[in-house]
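Just one chain is shown here, as structure tokens, and it is the form predicted alone.
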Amino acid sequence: MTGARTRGPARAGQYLALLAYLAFLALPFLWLVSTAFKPARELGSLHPTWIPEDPTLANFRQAFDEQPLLQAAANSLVAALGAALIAVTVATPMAYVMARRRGRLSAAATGWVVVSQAFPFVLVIIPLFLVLKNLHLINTLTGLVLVYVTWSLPFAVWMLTGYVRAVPAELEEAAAVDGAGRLRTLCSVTAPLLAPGIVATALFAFITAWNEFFFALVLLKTPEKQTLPVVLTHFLGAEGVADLGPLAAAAFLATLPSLVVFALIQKRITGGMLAGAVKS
């Protein structure tokens, strides 16, 4: 009885903490959506409301008229998809080696992951800029994709290593007995079982590249090449005053792709996380 009485308040506290966390994440987005549909008169009101009294699409029309949002969205999509596909393609065999051959190599790779994620962007932007300049990749989406792949690859390898370890080694041994080589085993046996983990890792790389601002700001110069996060800053005036309605509308549209992709593959992501948490 004492244990049951103790678990009740503890579980209630967990639910309250979860609700508070959900509210912390949801309220800014709801306020963004509300602002995107408010007319200028309501945006300047001293008593703002959550629900627009007179919803309008004028902010969206103004946003598209003022800035090349479609071109910027296409650039972001190319950079994010390219980074996600390349990162997963390179990280999968690396994670396989790290998971199956534990030792100094695996320990060194894990240390590489930790160290790479500890460095702030500002410390690496100058070397990256010089390297890309020598390769004539400044102001190109190709150079930006390479930077995104370099930045997301360590964490992608670390994520996929846990998923590979969850795949029973006995399955690979059985494939080897049947005459399959390492590459065929990886493609025919291990890779299909890693599908949830690969999807989760690809989504991580995609969202990281889609939302990234600093590298895109430094490496892309012409308006035709700029990504969506950079274009959103153009809604700020010379004195730092934001054109709030169009900015909120553009930011809302920039958020939608990540939400849609996440909703479509939510089940695979959940399965990948659970699989990566289990070790054989």
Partner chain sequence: MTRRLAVAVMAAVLALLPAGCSSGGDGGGRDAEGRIVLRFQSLAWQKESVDANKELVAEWNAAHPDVRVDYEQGSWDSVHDQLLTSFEGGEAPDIIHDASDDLADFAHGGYLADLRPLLSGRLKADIPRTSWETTTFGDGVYGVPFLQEPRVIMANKKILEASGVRLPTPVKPWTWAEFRQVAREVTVTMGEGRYAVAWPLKEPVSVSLNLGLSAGGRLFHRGDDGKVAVRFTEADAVVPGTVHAQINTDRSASRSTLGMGGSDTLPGFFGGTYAMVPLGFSYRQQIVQQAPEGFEWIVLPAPAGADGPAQGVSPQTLSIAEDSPYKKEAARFIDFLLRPANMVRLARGDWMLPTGAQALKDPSLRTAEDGWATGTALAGHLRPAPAQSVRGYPEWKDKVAAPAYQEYYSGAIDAAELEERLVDDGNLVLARYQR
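Residue numbers count along the first chain shown, from 1. Note that the coordinates shown come from a computational prediction; the quantities given were computed from them, not determined experimentally.
The same protein also has a form predicted together with the partner chain, omitted here; what follows describes it.
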Selected contact from 193, 138, 180, 203, since only one has a non-hydrogen atom within 4.5 angstroms of the partner chain in the predicted complex: 138
Does residue 122 reach the partner chain in the predicted complex, with heavy atoms at most 4.5 Å apart? yes
Residue 217 near the partner chain in the predicted complex, any heavy atom under 4.5 Å? yes
With the cut-off set at 4.5 Å between non-hydrogen atoms, does residue 44 touch the partner chain in the predicted complex? yes
Examine residue 188 and determine whether its closest non-hydrogen atom to the partner chain in the predicted complex is within 4.5 angstroms. no
For the heavy atom contacts within 4.5 Å of the partner chain in the predicted complex, list the residues of 55 to 84 involved, in sequence order. 66, 78, 81, 82
